[in-house]
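This document starts with one chain, in the form predicted on its own, laid out as structure tokens.
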Amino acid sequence: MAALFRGSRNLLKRWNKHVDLALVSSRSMASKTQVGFVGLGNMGNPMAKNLLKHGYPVIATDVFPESCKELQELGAQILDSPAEVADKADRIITMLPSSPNVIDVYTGPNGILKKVKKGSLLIDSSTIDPSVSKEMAAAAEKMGAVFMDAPVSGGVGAASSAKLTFMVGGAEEEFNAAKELLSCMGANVVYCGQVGTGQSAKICNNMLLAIGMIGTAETMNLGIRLGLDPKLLAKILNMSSGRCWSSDTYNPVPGVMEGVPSGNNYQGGFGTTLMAKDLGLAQNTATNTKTPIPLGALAHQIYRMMCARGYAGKDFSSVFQFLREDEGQSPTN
């Protein structure tokens, strides 16, 4: 009798395990529903590709139709407007250049909120003013949708290799749902707090990045003028206390590193215009909170000068070239 009971109990355990696995499989398959993506620029394009690689059907749109061709060839469905994307998908990621772009994509005549479904999850990975994120969240809430800000750090290389860092702001109970998608595109997904805190973290990061890049460019330029080989100087910096991301991962001097914009005439990467925009956001928030940022303000001025001097379309590491040309030297002398 005891043996029969044990046999029945083992059979029941196996059956329960089978049912549990079936439910997990069912939920996993259900989670691979369509994901909308708006904004297929230097960052958005590789991010959307990584969603496709993870088995998510992608429905996308971009203001520039030519930006959609490559993704369409990989199997994404391309639509004409953000509103059409919202009509087809209840999880949407946006990656846009600035606050006005975000406002238009969400609340404009053909915006997401015109056709958003109740219960939709809207994740904005643009870098914008935290106050705009809060405005979009309030507008989405009125339509029964959830908006979260999730700006990124890491650049185009990290976007391509799915190693971005996402800084997420929004309702904590929605974080896991957002993380499911963001983990397909990044190595780090960090919850920062309520809506707008992700943007705050990103603005702080980019202000430090700009200051560090200018410092690295100045240091490398001084060393070169003192007769040091730039590769040797970079090697010394990167094994010493001056080491930073701008020196060891994204060096601004042509010929020092491969696979970075400085090795490709500062093409690709993170544009000078975007850095100037982000520093403007830092300046505005610092003014609003009465926070002194003397180096951040100076970095903002330098990048604005660069935009006015023909560097707007180049990567922000071209500050090295700007400093060299400002001295009447060619970038490679």
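Residues carry their position along the shown sequence, with the first being 1. Values in this document were obtained by computation on a predicted structure and should not be read as measured data.
There is another form of the same protein, the form predicted together with a further copy of the same chain; it is not shown, and what comes next is about it.
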- Task: Could you tell me which one of 225, 118, 142, 231 places a heavy atom within 4.5 Å of a further copy of the same chain in the model of the complex?
- Result: 225
- Note on the structure: Partner-free chain; cross-checking a further copy of the same chain in the model of the complex, the single residue of 132, 71, 214, 158 with a heavy atom within 4.5 Å is 214
- Query: Are all three of 188, 208 and 314 close to a further copy of the same chain in the model of the complex, meaning a heavy atom of each within 4.5 Å?
  - Reply: yes
- Message: Please identify, from 252-260, 98-106, 234-242, 172-180, the stretch that has a heavy atom within 4.5 Å of a further copy of the same chain in the model of the complex.
- Response: 234-242
- Message: At 4.5 Å between heavy atoms, is residue 90 in contact with a further copy of the same chain in the model of the complex?
- Response: no
- Item | Any non-hydrogen atom of residue 280 within 4.5 angstroms of a further copy of the same chain in the model of the complex | yes
- Item | Partner proximity in the model of the complex: residue 137 to a further copy of the same chain, non-hydrogen atom cutoff 4.5 Å | no
- Item | Contact of residue 63 with a further copy of the same chain in the model of the complex (heavy atom, 4.5 Å) | no
- Residues within 4.5 Å of a further copy of the same chain in the model of the complex, restricted to 252-290 and counted by heavy atom: 280, 282, 283, 284, 285, 286, 287, 289, 290
